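Before any questions on how it binds or moves, here is one chain, the form predicted on its own, in structure tokens.
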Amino acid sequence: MFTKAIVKRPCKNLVNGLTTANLGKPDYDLALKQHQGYIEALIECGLEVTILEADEDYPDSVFVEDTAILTPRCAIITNPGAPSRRGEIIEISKVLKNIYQNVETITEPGTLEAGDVMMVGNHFYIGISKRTNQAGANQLINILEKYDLTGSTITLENVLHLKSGVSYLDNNNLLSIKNFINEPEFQKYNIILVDEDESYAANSLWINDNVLVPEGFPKTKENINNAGYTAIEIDVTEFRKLDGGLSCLSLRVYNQL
């Protein structure tokens, strides 16, 4: 179960954030409205939400997920692969030290962004990408093992982050684009296939038997409802313009063991 979430308000400099999407610049005022809707959905799912104020020094800092990995036993501060984002970890580190007794850190030469890390129970899948390298993944696996958790790596192609293409929905269900359906490590799961024309919706977010789904992807929403979850649509068009998805916009705190 998730109990808390941490989010960060989008800054006005959001319009200059990193992107490969070619969807145009985001509308800041609309992004603010959409972000508030996201916060309200987290609260609806039963989470206590901590809201950090915007930081104009970091255009991408609204995508707070990339700065840390939260496990049931520890928090791990990342070392983002995008150099312009590395300063974001300073504030997050201070916040998490007030929540977790154990806080670890990924260091050079390792790079790691949490969008490349998917937790399934006590195991963590780590995508090797342009933002997460093998050294960072090895450090993460060593930290996880220190807390009786495990990790393994998956080499990515054609997606920015692992969770851009696959999301764990609990109850052994995996929401996935076709790129991952033959991945050997995923054959143990029931794969809910996301159609190619709705691939963005593969980044949906399970929270306590609800699944947040980006608005405008009806087939994916129907498949999630049919799998026994309550799908909640969230409008995130402005964050999509910056390669951001639903999971990117928060850090979720699990019941700590």
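Heads up: residue numbers just count along the shown sequence, starting at 1. Nothing here was measured: the structure is a model prediction, and the numbers come from that model.
One more form of this protein exists, namely the form predicted together with a small molecule; it is left out here, but the text below deals with it.
Using a 4.5 Å cutoff between non-hydrogen atoms, L242 counts as a contact of the small molecule in the predicted bound form. Although the partner is absent here, C248 lies within 4.5 Å of the small molecule in the predicted bound form, judged by heavy atoms. Interface membership of G127, defined by any non-hydrogen atom within 4.5 Å of the small molecule in the predicted bound form, is ruled out. Although the partner is absent here, L18 sits close enough that one of its heavy atoms falls within 4.5 Å of the small molecule in the predicted bound form. Partner contact region in the predicted bound form: 62 to 70, out of 62 to 70, 37 to 45, 184 to 192, 217 to 225, criterion any non-hydrogen atom within 4.5 Å of the small molecule.
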